Structures are given as structure tokens and as C-alpha cells.
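In C-alpha cells, the next block holds one chain alone, the form predicted on its own.
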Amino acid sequence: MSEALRQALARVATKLGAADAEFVLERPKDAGHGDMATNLAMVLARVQKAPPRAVAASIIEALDLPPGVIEKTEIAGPGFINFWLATDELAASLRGIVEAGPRYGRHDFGRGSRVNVEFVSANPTGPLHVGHGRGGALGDGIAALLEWTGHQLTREFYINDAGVQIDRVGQSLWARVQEAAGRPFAIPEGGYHGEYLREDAVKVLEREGREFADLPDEEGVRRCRALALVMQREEQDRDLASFGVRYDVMTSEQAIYDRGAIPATLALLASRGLTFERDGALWLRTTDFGDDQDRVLRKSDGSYTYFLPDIAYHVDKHDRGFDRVIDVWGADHHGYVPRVRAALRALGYPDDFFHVTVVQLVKVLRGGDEVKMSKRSGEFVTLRDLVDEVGPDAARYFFLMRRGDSQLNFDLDLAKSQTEENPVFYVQMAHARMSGIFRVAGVAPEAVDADVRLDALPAPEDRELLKKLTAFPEVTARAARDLEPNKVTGYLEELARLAHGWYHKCRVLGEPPEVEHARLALARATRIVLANGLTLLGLSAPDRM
């Protein structure tokens, strides 16, 4: 229902001269303010140059909805429009939820749009840490939301397999190979000290033979560089898979160099008059396109900056036919966003082609104290340790329940608790309770139809729960538009609260047949929406807890 109302409001906005108006349609926190409310009048007031309440009256008059959908409307405050759904519409919504089943909450407004979501993209130099986990959950959640709204979606991992860090991990692994062979060794300056390289060195000697340690240093380092890349990427893939994250495409930075994309990108930029020489270096005129200073592409010693391959990589994405690219970056890359956007503007790409979602830091707590490191990594809490301790569902949910650009305290004790204070347990328990109703009744949920009259749901809790269910499509639409999976977790927690309250206050079995049937249908619809929301986020929807 909410999406139909949104579309009707969008049509009115177009008639009133604001086809691209960005307005909110949402369920008010105060039930006395109706079932849905919008700020469209206040948005259009700027275009109409008229008082918002007068614009609200014009919107209501122009609103074209079938009869029996809205029971009444009200203009409130500075110009909000509040809507009350008609009884027949609520009953039809219940039937619609049950008939749509797993499709309920999906949309097709993104149909025809090709989107690339690139996330995690960790250097293949060691285990993934909890920050990568948060980026993985967020990127995967954004991708899922876009898929749910009809976009053609590609999940991508960019392998940073070129540069000095890869050289250092090769040198560090070679040193650990010497250690495993019982010889003197020294980790190079700036190298990697984690326990995982000791494990990898043992595997290398088991796989290659003990004579591997006798290779000349130059060849040993070269081969260790290649082996480290493979071993670390395999481990990262395993850890991400256990976390529920998989990719459609893996793109290698080294491959971008190997196929000549770097000189091709330089030539493209030069052909458009966007580069210039200064102090022996080659620069890009990013200040002409919104950056605060021009940026170096090629240093005076002839080496390239990281900026150039990043431009080449995004040119490659554009050339692959994506209409939009969404990158999930760590907070330390925040200042890097304007220069990449400026480079893409310089190439003539539209501003909405490139979007970055920034992920802030994660602090892991146990007993109120910060857990700072893992023995295996030597310097940080690994994603594997976290998932092993709390499970993938809790890990994903906790990462998703806050906006990515806010810092997150991950409470291990809370994530493992089986109490209503644990949000993921609370939501999953609501689904299990709805499932339990059908086990006790001895009937499959799918056997209960939703052909009911609304007066067979007599309690206020019945209506409140049903109204909350009707808001789910609007939640998924807004979450997809805003690229914010936390909107879904917030909705699920509110729905779970209503579902638990309804479970305790409204008896289902043993009521008069008409009421029992209606409440079984409501339980089925609630179970559907909870399962759809959990599945959307990559979580399980258990029938028992």
C-alpha cells in the first residue's frame, strides 16, 4: 500500500512542477497521526512559492487513488499530510502479503540499471580484520537492497596485488620459511610479523619440499610473493564465505597494469587537455572539477601514484557498461573521495555514476573492555575470530544495525546473549514464535489463507501489527534509495516488538473460528515479513530458538 501511495504522490508532484521531488512517506511514531505521513507539501512549497498547508490541500485534491484505499486525510502542523488506511485496504494488504510471500517487499524501480558494488578489497597481505567484516556486511547489504529493487547487480572485489606491500609480504614469508627450516632469519623493515605467516611457511615447505628453503634469496622471495598472494586470497575468500559474502567478479590491480590500462588512461586524460607537467611530475587538473588541489599522476622519478591506477580501474568499470558504481571504503579513505570524483567528472561521467559509502572503525568489547588484538594477526581482531565466537548472523546484524559512517562498539557479550536485549536474537525469536503457533496448531503456515474480514481482528494489537507489516515495502524502497541497510534492521526490531507483544496479548488458538483463522493469517503474514527482512540481510530465519 505505501508504495502505491508513494507513486500517487509522485504523480501529483510531477503535475505540480517537481518531477524529481525528494519527499518522505513513512509511518508516524504517534499512531494518532495516522497510518502514513508525508512532507511532500513542504517540499513542493518552495517550488509553488505558496504556504505549505495550502499546497497540502492541493495535493489532497489532486491525489488519484482508487476508492476504499484511504479512509481519511488530515493536514497537520506546518504542512504534513497524514493518511488513515481504509478497513478494506488493510484487509487487502493482509491478503497481498500472503499472496506475495517471499516476493513481498521487492520492487522493480531499478530495472534496467546496471550497478557495481565494490567492497572489502583488502590487501592480500594478511587475515581480514573486523573493519573488513563491517565493510563486507555493509557492501553485501547494499547489494542485496539494490537487487531487491530490480537493479542488475555485480558484487566486486578489487585485489590490491601490486606495489610495495606485496613485496614486503613476500619477503616476510621468505623469512618465515627460513625460520621453519631452522635457519637464521630477519623480518624486513616494514614487514609482517603475524603468526599466520609462520603457518603459511610450514604449508609452503610441506607443499614445495624442504629444498625450497635452499633457493637463492631473490628467487625465494619472488616465489614467496606469488605463494603469499594465493594463500592470503584463499584465506580471505574462506573467511568471507563463512560470513555469507560471495563475489561475482574479482579484479586484479596487477592485471590492470599488465593489459596496458595505465598508459591508455594517461593518453585519454592527455587527449582531453587534463594533464600538465610541473617540477618533473605529471599532474591532473582536478581543481577544475571540484578538488581542493591538483593531483600528481606520475612522480618525478617516473613511478605512478596510487591515484592513476584507481582512475584506470573506474574507467574500466565505466567501460564495462555500469550505470553506477558504489565503493565501500574505510574511514581512512574519506579524503580520497573528492579527487576520484573530480577525475571522473573530468572524463565527463555524471555525478551519480560514482558513490562512496564510508565505513567507520569498529571497537570490539568484552566485559566492557576493548579487545585489541589477535595472537594470529599480531595486531588486530580478525573477522574469523569474531565469527567463530558469535556466529555469522550476530556478526552481520551488529555490523548492519548502525549507519556505516558512525563508529561501532561491538559488544561480544551482548551478541552471544539469548535475551531480548540482543537485537538479532530478539528478531529471530519473533520469527520462531510465529512458527511455533503453527506447530502447536498442527497446521502448515502455507495452508492458512488470508481471506479474512478485518473485524475478525478485534484487538488494537491486531491492527497495529498489521499496519506495521504494510510498511515493509516502503522500508526496503527507502533503504535501497539511501543505501542504508540499517533502516531494515531498525524496522525489524520495531516489528519484532509488536509481534512479541501481540503474541503475549492476543490468543490465537481456541478463539472463535473466525478470529482464530484471522489471527493465524496474521501470524503467517508476520512470519513472511520477518523472514523476508532477515533473508534480505543475509541472515537465517529460524523456526526454533
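The first residue of the shown sequence is 1; numbering continues from there. In this text, rigid core is short for the largest set of C-alphas that superpose within 1.5 Å between two forms. Because the structure is a prediction, the values reported are computed rather than measured.
What comes next is about the form predicted in complex with the RNA, which does not appear here.
With the partner removed from view, the residue among Tyr304, Phe289, Tyr158, Phe322 that has a non-hydrogen atom within 4.5 Å of the RNA in the model of the complex turns out to be Tyr304. Taking His334, Lys203, Arg259, Arg183 one by one, only a single residue has any non-hydrogen atom within 4.5 Å of the RNA in the model of the complex, and it is His334. For the marked spot (Lys299, Arg478 and His500), a heavy atom within 4.5 Å of the RNA in the model of the complex is present in each of the three residues. Listed stretches are 397 to 405, 240 to 248, 383 to 391, 262 to 270; the contact stretch with the RNA in the model of the complex is 397 to 405, by a heavy atom cutoff of 4.5 Å. At a distance threshold of 4.5 angstroms between non-hydrogen atoms, Gln165 is in contact with the RNA in the model of the complex. When contacts are judged by a 4.5 Å heavy atom cut-off, Val440 counts as touching the RNA in the model of the complex.
In the model of the complex, the RNA stays beyond 4.5 Å of every heavy atom belonging to His517. When the RNA is considered in the model of the complex, Phe212 lies well away from it, no heavy atom lying within 4.5 Å. Taking the RNA as it sits in the model of the complex, the stretch 11 to 26 comes within 4.5 angstroms of it through a non-hydrogen atom at Val24, Glu26. With the core superposed, Ala496 shows a C-alpha displacement below 2 Å between this form and the one not shown.
With the core held fixed between this form and the one not shown, Asn82 has its Cα displaced by at least 2 Å.
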